[in-house]
Each structure stands twice: as structure tokens, then as C-alpha cells.
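Single chain ahead, written as C-alpha cells, the form predicted on its own.
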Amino acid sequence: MKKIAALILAAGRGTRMKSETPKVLHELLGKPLIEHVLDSLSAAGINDAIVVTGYGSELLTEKLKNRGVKTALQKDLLGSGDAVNTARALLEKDYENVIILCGDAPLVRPETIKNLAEKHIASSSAATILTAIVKDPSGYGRIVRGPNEKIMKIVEELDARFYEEAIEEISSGAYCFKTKDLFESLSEVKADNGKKEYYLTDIFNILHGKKKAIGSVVTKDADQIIGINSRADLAEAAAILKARVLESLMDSGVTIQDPATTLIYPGAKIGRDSVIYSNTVIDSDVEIGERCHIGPFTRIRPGVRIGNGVEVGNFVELVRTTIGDGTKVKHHTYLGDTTVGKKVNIGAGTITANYDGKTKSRTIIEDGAFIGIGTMLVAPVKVGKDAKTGAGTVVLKGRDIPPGATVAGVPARAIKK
């Protein structure tokens, strides 16, 4: 989208997290909270982003250095209005519109962000608010509407009167503004509230007083607006995100045998007609082909690429490993930094010793190889095409097994036919 930037508010410490880590750097299914927000923005087509930092600014800036975002430092945590004002110089000259999101609200969907921005721009409103209808509005600002359902203001819970507390339409904390109207109104905001802070939400009362148009987009999925303020909130968000990922995979043709015990991180790709059995964990940056059977009790870590028709079974762990079509890795096996060819049989208890205390080295197992039970392969090492190892064999590093050869023993020695 042209002439629009995102401003992410991420200055708070999050005292209820009981942690020295800035709140937005706590991980949700393998990724810091703020990276979920940035990923959703990118998927929505908004690539210019500014992050307002505060507590733990150096840690947050370091984490974001490869994301191509700018940062603005809020020196004193004087509220959301003050946080937005710190980015004024970065926004005012170059962007006609700005979308504001909270860095601790990681479940907002890309399509929701895109819809909010597009409706705002099309309507020529001074501001557009993402709202939701909830049965329990506790903890959220209430949307106060006047005649013709026009938005008059947002009232924070601490300052709400008894009849305003009963309002079920709440502010999500996500807004889109015309940049000019945002900063003109922000200059009029005062810290005359219960917390003695500059509330961004006070802008809407100011805009209404100036007869500026305020639009809204109501989301039916209130889970999107959940903010993370405690470890319990983090667990709730993880459950919601996990369910989203599993539902999406099942809709695409993947069988999840037991969703309650299966954890698949966002970003994992699994082909249709594959079956994922119970107690399986699949990280991000994993690609699994079609017609595969994975689990139970399997851990697949980042950097794994699995072909079609592969079986990965009980108590197997894979990391930074490629496995070719039709291969079987059935029981109690660890493969790290390994390339496995097509139609290979990996016997139970096989271990690739990929780390010598200083460096990690690769193991190569070529097409059609048969790796016997309890084999240990000390990397770097190669097992040639159609080669075999006997049960309990230890293949030392650099002692490659030629194609078609059979070896056994400790250390491995060739067996004559």
C-alpha cells in the first residue's frame, strides 16, 4: 500500500510477566510476539514499519536489526499518546496514513490489517478503529457511540462511568489515521486522567469535537485483539495460534490424528494426504511432502526438508536434515545435519554424531542405503549408494563407505561377500 506506514507500540516492560525480558520479546510458538505482528503486516502488504521502544530498547533494537524496521525511543513511559509522538519526525513528512498496532497483540490476522487500512483509505476518514463485541469487556477501552451510531470517543476502563462500563463494543488497540489529523489532535491531548498519562484514545473525542469522520471495522474474531500481559495470557494465545495452524493444515488435506497432543508451529509446510500422529512437535522452517506419516512422539526441528512418501516414526528427532522420497526413519533415531537419499532404511537407534564440541559436520547417506540397528555415524562421513551397515556399527569420521559395500563392527570394517 502506498503512502502508509505501520507504527508498533512496544515500549512497555510488562511487569506482570515477572521477567527482565521486554514483553514483546517473549516467544509465542517459536517467535517473539513482535515478530508475529511484523509478519502479519508484511503479509498485508505494509512493509514500512516503525517500532517505538522503551524498556529494554537495546535488546529490542538488536532483535529487529535484520527486519528492516526503524525504531523510535520513548524515554519516559508516559502513555500511548506520548509513545506515538516519539515517531512524529519519522512519519509526518513521508506518509499520508499510519496504522498503529500494539506489539503485544500478536494474533491480529493479515487480512484484518489489510481490511482496516483499505477501508480507512477508501472512506477518507480522519481515523478508523478496529473494534470487537465481547461479553466481558473488562480491561479494554469502550467505544462510545452517539446519534446515528457515530463514534464519539473511546473511554478507558479506569475512567469509565458506570453506564460506560456496560458497553460491550471495545477498542482493539489497532487504529488507522490520516497522519496530519493524528498529530494535530495529539498536540491537544492532556494527561488529566487516572494514570496521569497521555492517552492515544483521547484523540477520538478531539476528532469528534472537530466534526472529523471516525470510521470502524468490527471483527467477529475477538481472539485477534488479545493482548499479552501475563504468562497466562501467553498460554491462552499459544492455544489459539496452535488451533489456527492445525485447522489450516487440516483444511489443506493433512490428517492430524490427535490435535490435543500435536504442536505445529506457524510456517511449517505439510503436503496433502500426510498423516501426523499424536505427541508430535513440528517447528517452523520445516517442509514435509505428500503422503508422509510422521509420529507418534516425533520432534522435527528447523531446517528439515522431507520428501514424498516418507515415514518418520516413534521417538525420532530431526534437525537441519533432508530426507528423500520413500525413506523410512522408524524408531529412536537422531539425525542432525544429515542428507538422506531416496528409499533409504534407517534402523532403530541410529545416531549421527554431528557435533565434536567445536563444529557441526554433515553426514550423507545415499539412495538405497540400509543402516542397521544402533549404527553410529560420526560426521563428516558418507554412506554410498546401496551400502549397508550391520547392527551396532560405528562409522568413524572421514571413513566413507563405498557404494554397495557392507560394513560392521567397532570401528566399521568391510565384510567380504
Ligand code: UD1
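Note that the structure is predicted; figures quoted are calculated from it, not measured. All residue numbers refer to positions in the sequence shown, first residue = 1.
The same protein also has a form predicted together with this ligand, omitted here; what follows describes it.
Enquirer: Please name which of the stretches 329-337, 261-269, 103-111, 184-192 has residues with heavy atoms lying within 4.5 Å of this ligand in the model of the complex.
Expert: It is the stretch 103-111.
Enquirer: Which one, 274, 172, 321, 280, lies within 4.5 Å of this ligand in the model of the complex by heavy atoms?
Expert: Looking at 274, 172, 321, 280 one by one, just 172 meets the 4.5 Å heavy-atom criterion.
Enquirer: Among the candidate residues 154, 294, 207, 237, which is the single one with a non-hydrogen atom no more than 4.5 Å from this ligand in the model of the complex?
Expert: None of the others qualify; the residue that does is 154.
Enquirer: When you measure heavy atoms, are 31, 245 and 298 every one within 4.5 angstroms of this ligand in the model of the complex?
Expert: No: none of 31, 245 and 298 comes within 4.5 Å of this ligand in the model of the complex.
Enquirer: Taking this ligand as it sits in the model of the complex, is residue 397 in contact with it (heavy atom to heavy atom, 4.5 Å or less)?
Expert: Close contact is absent here: in the model of the complex, residue 397 is far from this ligand, nothing within 4.5 Å, heavy atoms only.
Enquirer: Should residue 141 be classed as touching this ligand in the model of the complex when contacts are defined as heavy atoms within 4.5 Å?
Expert: Close contact exists here: in the model of the complex, residue 141 approaches this ligand to within 4.5 Å, heavy atoms only.
Enquirer: Can any non-hydrogen atom of residue 167 be found within 4.5 angstroms of this ligand in the model of the complex?
Expert: Heavy-atom contact with this ligand at 4.5 Å: absent for residue 167.
Enquirer: Quick one: does residue 80 come within 4.5 Å of this ligand in the model of the complex, counting heavy atoms only?
Expert: Answer yes; at least one heavy atom of residue 80 falls within 4.5 Å of this ligand in the model of the complex.
Enquirer: For the stretch 11-25, I need every residue with any heavy atom inside 4.5 Å of this ligand in the model of the complex, listed N to C.
Expert: Residues within 4.5 Å: 11, 12, 16, 23.
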